[in-house]
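Shown here is one chain on its own, the form predicted alone, set out as structure tokens.
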Amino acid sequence: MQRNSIKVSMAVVRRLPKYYRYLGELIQNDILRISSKELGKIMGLTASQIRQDLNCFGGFGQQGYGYNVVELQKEIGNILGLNKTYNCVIVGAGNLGQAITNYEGFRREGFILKAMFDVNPRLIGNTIRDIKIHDIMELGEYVKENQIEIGIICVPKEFSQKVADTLVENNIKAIWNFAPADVNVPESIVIENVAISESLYTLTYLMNEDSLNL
């Protein structure tokens, strides 16, 4: 497969995980070949949109033949980098941090959680799914010594920037930020801010959209 050299838009990038998920569901249902029209109907996209998205990364299907579901999911997984493994740590061992730790799906996709960190002395030393909770004062040294690539921030917003700074100073490559505040990092650091409340507010807007006097 030969990929296009044109930079792919973020809109397309953010649809790739959706393709990966839906293709996985098709495989589970023993559907091994599908057309762009059929896939679009399932995903709520047009066949043209699917073809345009996939053409950003080269050719996949054959006209009149459709897509091989297994091969297409594998290729999209490779594009997403899911053919590699990533060492991760979670900073913040509260409810959210523990929920992420307990999600088995990340392990299946190659995200290897190595440790958790917190300030609460009642949590330090405990384990969740065999993952030890360390004192947050050990964060920087641990990240550097264990070649941690992804830091997952699950702390209150007043501590999020300090945690991000510590991760950056110790050669982290990417940050998945669940704190209710964006953090500032150098351009060389990949960051994804997950604003749960913003998603909820979008939901309530859509629920009340018809009643607005615009």
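These numbers come from a predicted model, not from an experiment. All residue numbers refer to positions in the sequence shown, first residue = 1.
Note that the form predicted together with another copy of the chain isn't included here; everything after this is about it.
Although the partner is absent from this view, E38 stays clear of another copy of the chain in the predicted complex, with no non-hydrogen atom inside 4.5 angstroms. Among residues of the shown chain, N126 is not one whose heavy atoms approach another copy of the chain to within 4.5 Å in the predicted complex. The shortest heavy atom separation between L96 and another copy of the chain in the predicted complex is within 4.5 Å. Residue contact check for N120: none of its heavy atoms lie within 4.5 Å of another copy of the chain in the predicted complex.
Of the residues in 139-166, those that come within 4.5 Å of another copy of the chain in the predicted complex through at least one heavy atom are, in sequence order, E149, I150, K157, E158.
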